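Laid out below as structure tokens are two forms of one and the same protein chain, each shown alone and named structure 1 and structure 2.
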Structure 1
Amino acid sequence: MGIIEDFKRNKASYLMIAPYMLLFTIFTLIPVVASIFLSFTNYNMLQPPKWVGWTNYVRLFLADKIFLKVLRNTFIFAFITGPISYLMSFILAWFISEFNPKVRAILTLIFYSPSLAGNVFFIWAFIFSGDTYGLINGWLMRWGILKEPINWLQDPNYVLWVIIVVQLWLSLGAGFLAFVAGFQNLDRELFEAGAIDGIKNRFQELWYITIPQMAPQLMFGAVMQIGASFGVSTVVMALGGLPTRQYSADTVVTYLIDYGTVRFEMGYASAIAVVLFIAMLLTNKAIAAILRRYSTD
């Protein structure tokens, strides 16, 4: 069947998708394609872009020491907070599933409410405030652990870790909800059959019965998690500033915002964006391969 015939026959379908695809093209596809194109140019938004080939990428990896630092920070976020919050989402959802529906609903709300509350993470700025009015400093000093307050958000030794904590606090998102829902819809008979077949404890139950059944939800959770952990930026800028002291907690995204909005080196910023996007795609492919192998066993 030719493309034109397909279109004629399914005109209604295509017309219904059209408004969405139009917006998607304008606000997602075009920007992605433009990013890739701009990454090979010098562009300051005033003069037209000038083609420079791989120059931006060469500079990024060979000449830009700060980029390597923010790359390291990003990988710390992606490979520490990512897996921790993924596991946390899954384990909490698993624990919650043991309770009756009312308690389960309340626990789900408690764990999900930081994500709902969104911008409220600024309260962490007061908790980790650098003076004695900060909750953490205040407590540590009262207990005699600290003599002088620590400037948590300005000291390059601490700010990355503080932001990891806040990011973990915020990280139980749509993936967590998918897990909670997934646990409720497992095939009950399999557990009874499993018990007869000699499954002894809930860990075996989880490993042999639950996880294979939940592979699709686990994949969804992974995709959402990758986006969230590679995209860490709002919290960094709100708590540490733009840029953070000595770039100690800057990520690829804040670095590209720095280049894009402060220095107006759009071509360079776009190269940063492309590198990030490729890193996300590769991680996604790796996780998909692992989950697929496990779930078809």
Structure 2
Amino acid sequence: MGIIEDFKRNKASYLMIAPYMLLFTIFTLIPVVASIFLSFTNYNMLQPPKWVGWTNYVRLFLADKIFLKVLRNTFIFAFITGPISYLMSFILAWFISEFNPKVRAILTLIFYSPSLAGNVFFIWAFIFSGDTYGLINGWLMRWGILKEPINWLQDPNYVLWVIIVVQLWLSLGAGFLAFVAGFQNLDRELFEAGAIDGIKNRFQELWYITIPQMAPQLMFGAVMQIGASFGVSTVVMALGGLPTRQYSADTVVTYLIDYGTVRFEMGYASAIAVVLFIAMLLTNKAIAAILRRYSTD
């Protein structure tokens, strides 16, 4: 069947999807393609892009020590906050699913509220304030653990870990809601069949029946958590500044913002964005392969 015949046959479907495809092309596809093109150029927004080939990528990996540092910070964020927030979202959703609908709705709102709170994470700036009035410093000095306050948000030894804590606090987002919804749509007949087949406790139900049924929600949650963990930037800039002291807590995204909106080296910033895009794509592919394999066993 040719393209024209296929279009005529499914005309209604194509017309319905056309508005989304138009917006997706304008706001997602074109910027991605433009970024890939600009990554091979030297572009400062005042003069036309000048083709430089692989120069930006060679500079990134062979001449830019700070990029390797922010890349390491990004992977630390991703491999700590990603799995922990993912497991935390799943376990909390499992815990909440045991309650009646009213209590479940209240608990869901309570656990999801940090994601709704927007910039309220600034409260953490007070909690980790570097003077004696900060809550953490005040408590530690009162208990005799510290003699002098620690500048948590400026000291390169602590700022990365403080931001990881704040990011975990913010991490119960869309993935958590997907898990809560997934637990409410499980096929209950499979639990009865499992009991007949010898499943004896809740953990066996979770492993052999619940998790395989929730493969789509698990995949969605993984994609959302990976995106969130690789894209950490607002919290870093708000608490640690741009850049953070000695780039101790900067991520690839904040480094990209630094080059794109402060230095206006758009070609180099685009190369950073492409590297981040590839890293997120490969991680998503790896997790999708793992979940797909498990769901079909």
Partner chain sequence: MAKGFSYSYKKVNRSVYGNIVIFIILFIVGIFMALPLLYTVVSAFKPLDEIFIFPPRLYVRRPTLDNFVLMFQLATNMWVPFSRYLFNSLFICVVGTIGHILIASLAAYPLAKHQFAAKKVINEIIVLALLFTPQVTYIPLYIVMSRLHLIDTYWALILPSWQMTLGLYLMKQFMTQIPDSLLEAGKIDGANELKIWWRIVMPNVKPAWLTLTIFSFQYLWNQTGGSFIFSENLKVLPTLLSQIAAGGIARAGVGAAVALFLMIPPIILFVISQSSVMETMVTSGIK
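Take the two forms, superpose them, and find the largest set of C-alpha atoms that agree within 1.5 Å; that set is the rigid core. Quick note, the numbers are simply positions in structure 1, starting from 1. Since we're looking at a predicted model, the values are computed, not measured.
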Structure 1 or 2: which one is the form predicted on its own?
-> 2
Answer yes if the Cα of R9 shifts by 2 angstroms or more between the two structures on a rigid-core superposition, and no otherwise.
-> yes
Per-residue C-alpha change between the two structures, A18, threshold 2 Å, rigid core fit | yes
